[in-house]
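Heads up, the chain below is alone and in the form predicted alone; it's given as structure tokens.
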């Protein structure tokens, strides 16, 4: 899979180093079972490159710094590469000051939000990061999209891996709804409304109405709004409204925060504290038919291991990718 991605990226003009990194991230997202931002999203990424929305030569640069906080300009470069650089910079600042925060303007879709949570947490830092998006979710009580589903990630180191919460502000991400539609599957719980205003488990009906359901109803809508405001203010970049006015999801605003654990007085006890919390968390008997109680990111570890023998891909998606070559 990585070789196929890399071949296509080289063909559309990416230099070898960038093509290698991008191909690896798209593959790793798929390996971890996040097909919506891996193999399924790859054709859209190439399309955005061909349309000029993603600038192959766009490089992120620091434009303002004040203590452990920095503002960066993404220059509409590939969102994955910009995000990797800014996540790494947040860790560099955290090593110096205990905490590092990088706010990034004018970047592109970073694909899987959890990529950066895994990266930072496995390096030994606590991570909090989020992005705004094009408007794809109505405010609570409204029928027209004005909010992004603005994914947020919170991650902490755990053993040799991490605990990673990666979630959008909608009950299901747009990518998850599209994947369910492609598979002709219904949702386990309502994910939005149909055009008649009824809660629905039909992904096609929800996509047609453009009325995805915020997590926690009004709470998710409010959190989405505040994530957009903070990302826009800190980065000096575009808000959901201004991104949407472009009619293409580009020029996003993102925040990357890393907190170093090394200087904390209880650093030696962190692993023990986390283990005690997880032991209590997983102790209740699972509800019938629901499977075991898993912490955020634990399912990813299981899927990653299962997919070592081969990544399942929808034939229609893979055939589309082969045509890109």
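Positions refer to the first chain, counted from 1. The model shown is predicted, which means the values in this text are computed figures rather than measured ones.
We do not show the form predicted in complex with a further copy of the same chain, though everything after this point is about it.
Using a 4.5 Å heavy atom cutoff, 172, 230 and 276 all lie near a further copy of the same chain in the predicted bound form. Out of the listed residues 71, 179, 204, 210, 71 is the one that sits within 4.5 Å of a further copy of the same chain in the predicted bound form by at least one heavy atom.
Taking the partner from the other structure, a further copy of the same chain in the predicted bound form has a heavy atom within 4.5 Å of a heavy atom of residue 146. Residue 239 belongs to the set of residues with a heavy atom inside 4.5 Å of a further copy of the same chain in the predicted bound form. a further copy of the same chain is not drawn, but in the predicted bound form it has no heavy atom within 4.5 Å of residue 51.
With a 4.5 Å cutoff on heavy atoms, residue 123 does not count as touching a further copy of the same chain in the predicted bound form; it lies far away. Residues are counted as partner-facing when one of their heavy atoms sits within 4.5 Å of a further copy of the same chain in the predicted bound form; in 147 to 173 these are 147, 154, 155, 156, 163, 165, 167, 168, 170, 171, 172, in sequence order.
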